[in-house]
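In the form predicted on its own, a lone chain appears below as structure tokens.
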Amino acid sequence: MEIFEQVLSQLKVHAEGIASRSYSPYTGRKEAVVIMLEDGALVGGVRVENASFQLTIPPILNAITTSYALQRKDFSIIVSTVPFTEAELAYTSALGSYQWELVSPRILVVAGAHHPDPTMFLPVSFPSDIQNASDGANCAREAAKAAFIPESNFPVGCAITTTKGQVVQGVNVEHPDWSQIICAERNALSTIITYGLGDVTDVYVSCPKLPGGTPCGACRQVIVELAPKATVWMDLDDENPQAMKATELLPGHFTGDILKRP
């Protein structure tokens, strides 16, 4: 038990360490979770707010979908800086075949999982070698192979480049409660915020089953707020990707500036 308490203590420190990266201009709430996987590797997630409040991404959704994009589902422990909400507990309980144990208001443990000493955060990005739009579309298409799509069987992949010269991939991660499904674009954007990977320059989106597919309305709202200067590229398969400015995706969008805290 003493060893387990030491593991939890380390995870709490890691969660508190990334909470300050939260994007929370409307509430000021700095919240984070850290997931430890069965080999001790860590995945983080922070609160990502939006001017359309219902599109706010809570830390646990952020971290879990980042894990899925990395093709890691071997969850062991989740530690939060704030108590889990009923909605968050419902989200995890319906996810896969895990048997979760709520050992405290801020700690979820997978029954029977291995609980080693925490190691380090998994890398979520890699140096960009994207030379042109076709390279970016190919990167998004490759990402789509990791999509978790038991509800729709419709994979979507996203590859985002940042001012720090990094590429982050995202996929759509589905859930029995469709209101909890997260798209590839929001997956990648929330990961970028959690890990402080810089401003977004380009967003590449690929729908392998529907070449030319474009971001949904929810993703357009999130993109225009979190990456207003970005260029968004739609994969057209064998043709050159189609480009649009983020602001063109959602004409007349609501910025939410009037709602932001001083």
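Remember, it's a predicted structure, so these values are computed and weren't measured experimentally. The first residue of the shown sequence is 1; numbering continues from there.
Keep in mind the form predicted together with ligand THU is missing from the figure; the text below concerns it.
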**Study point:** One residue of F126, F121, F154, W100 in contact with ligand THU, assessed in the predicted bound form (non-hydrogen atom, 4.5 angstroms)
**Key:** F154
Check your understanding: Taking the partner as it appears in the predicted bound form, which of 108-116, 90-98, 171-179, 77-85 has residues with heavy atoms within 4.5 Å of ligand THU?
Key -> 171-179
Check your understanding: Given that the partner is absent here, does A69 sit within 4.5 Å of ligand THU in the predicted bound form, heavy atoms only?
Key -> no
Check your understanding: Just to confirm, C183 within 4.5 Å of ligand THU in the predicted bound form by heavy atoms?
Key -> yes
Check your understanding: Does ligand THU come within 4.5 Å of any heavy atom of T214 in the predicted bound form?
Key -> yes
Point to revise | Any non-hydrogen atom of C219 within 4.5 angstroms of ligand THU in the predicted bound form | key: yes
